[in-house]
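Here you get one chain, nothing else, as structure tokens; it is the form predicted on its own.
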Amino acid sequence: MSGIWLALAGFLVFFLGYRFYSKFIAEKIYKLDPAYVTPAHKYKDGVDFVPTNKYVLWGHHFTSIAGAAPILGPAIAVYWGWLPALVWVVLGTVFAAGVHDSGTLFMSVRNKGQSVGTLANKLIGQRAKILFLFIILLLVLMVNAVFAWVIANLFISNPSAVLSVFIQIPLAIWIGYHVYKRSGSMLLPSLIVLIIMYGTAVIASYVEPLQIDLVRYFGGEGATTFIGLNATSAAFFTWIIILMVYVYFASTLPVWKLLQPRDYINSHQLVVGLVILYAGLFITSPEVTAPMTNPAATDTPWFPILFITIACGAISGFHGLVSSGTTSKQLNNERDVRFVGYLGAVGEGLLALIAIIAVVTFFSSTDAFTATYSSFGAASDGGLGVFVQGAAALATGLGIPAAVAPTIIAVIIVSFAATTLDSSVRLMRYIISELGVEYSLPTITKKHVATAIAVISSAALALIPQGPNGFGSGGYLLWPLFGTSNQLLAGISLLLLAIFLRRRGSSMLPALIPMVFLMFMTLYAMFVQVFTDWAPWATNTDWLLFTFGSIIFVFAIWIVFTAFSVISNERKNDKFKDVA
């Protein structure tokens, strides 16, 4: 069977979901009001609260949520076969992610641009808010470590992508000044930047990387990649430090200076990437060689692990943090909630869909697939690399040289991951500041102090050494917990949305149904992982994952019971009308 049929099936469901279901949600459930004054206008400060054109904001939102996770998760999950991964991505996007992303955006817009953590105070109480903020803090900390690990690995394995990614930064700053200081257009400059980036990628693909020996600085093997960084502990250490220095400045600058213009560039880059991959798919029409379901996948059950392996791409709690943390502060008109929130989720679903297709059509035979995906561990280790190769194979169908295609794919992935990393550090700064206010710690409410705490703790977690990989393995080690924590956050956010909708007099079912499904799957999976796989009494104890997982699991159970207690006991309570 051709991979084209998988794409067409996904396209049809996504189109119907946005055309009809999102319209129903926006008009009948949320009842969006174009006359409502959004926080971007009410609290405009030129730094965080900035009214933004919906297309530019969609670019920021889309690229902030579409990092490496919607690629990595599906690339691993096809271990159980392409059908379970495809069904979860498509149906999860339409009925869960779209509602979650647009719903958290809507809630925040109606509450001064506050984060979902702060909204928990209004909806289910002060104690739940504190617990929720700590869960969010741990999640964004893991996001920072995981994405720093992903970027460092891609730079090491694809050194030709480095210059293209970093040249984007000064060009994006130039666009920011051009647009906001001179009221110029952002479209043409961003397209020019794309041409420069891809031109640089083409040149770098044919140039031998500079070699610098790192032994004199860090010890270990000599370096053989761009500016002396290779897959040794010294390379991981160096790249993560470089990334953390960068995100410190990127997350403290006003959003119009770097975040918005770079995200707008990356939104075009994402569209270009999707067009290249889908066009390559339709031109080459590769056969699906992976099995529909994999009977050999017996070491790790698909139920319920599939639903936490594919987080971004089906539904992700991190999206709610972006929606309520940065996007809500830039929304120009409330009616844009549907376009920015729901369509952003559909866009990520398209990315997850092509990730699945790129992997399942890459292998020459089913035997070749099962040899590579011999175990869940092997899938986790090699999934991202297989996607890069599979996507490059699709790109070559458009005549892109085989030497250039992997570089372009790596540039696209790193650009998205870096955007997510920027937004995540900014969100972590907001949360640290909120906790500082809550516990009367004025020092950590300051922008640079909170950012320094976020950056240093993220770097420390990413650099946890283990095994032969040395520095830089911490982010990888956290991936199993990232999926469960991410989905728990999404479930809790849907629970808050259900309460919010009930108090507005709207039906809570569009939020409640996916919430119940997601919470059951995630809590079940987390219980198995934390108390069976990672516990002190398990065969392979992992104290890092057990400690983080236990804290998050207990906090989540506490919040869920508190929320359901509120739902069961509350009738009509006038003191909560301010959330509507």
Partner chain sequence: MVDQKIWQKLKRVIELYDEMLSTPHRTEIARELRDEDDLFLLLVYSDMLGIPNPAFYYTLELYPFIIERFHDWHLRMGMEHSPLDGIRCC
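Numbering follows the first chain given and starts at 1. For the two forms, the rigid core is made up of the largest set of C-alpha atoms that agree within 1.5 Å on superposition. On a predicted model such as this, the values are computed, not experimentally measured, just so you know.
This next part talks about the form predicted together with the partner chain, which is not shown.
By the criterion of a heavy atom within 4.5 Å, N53 is counted among the residues contacting the partner chain in the model of the complex. In the model of the complex, the partner chain sits within 4.5 Å of a heavy atom belonging to D48. Taking non-hydrogen atoms only, G483 never approaches the partner chain to within 4.5 angstroms in the model of the complex.
Put simply, L187 is close to the partner chain in the model of the complex: some heavy atom of it is within 4.5 Å. Heavy atoms within 4.5 Å of the partner chain in the model of the complex belong, among the stretches 106-114, 259-267, 407-415, 488-496, to residues of 259-267. Only one of I464, I444, A393, V271 comes within 4.5 Å of the partner chain in the model of the complex through a heavy atom, and that residue is V271.
Only one of I124, V94, V179, I432 comes within 4.5 Å of the partner chain in the model of the complex through a heavy atom, and that residue is V179. For the stretch 240-259, the set of residues having any non-hydrogen atom within 4.5 angstroms of the partner chain in the model of the complex comprises P254, V255, W256, in sequence order.
Annotation for I175: C-alpha shift under 2 angstroms between this form and the one not shown, rigid core superposed.
Core-superposed comparison between this form and the one not shown: the C-alpha position of P261 differs by less than 2 Å. Comparing the forms between this form and the one not shown, the C-alpha position of P74 differs by less than 2 angstroms, with the core used for superposition.
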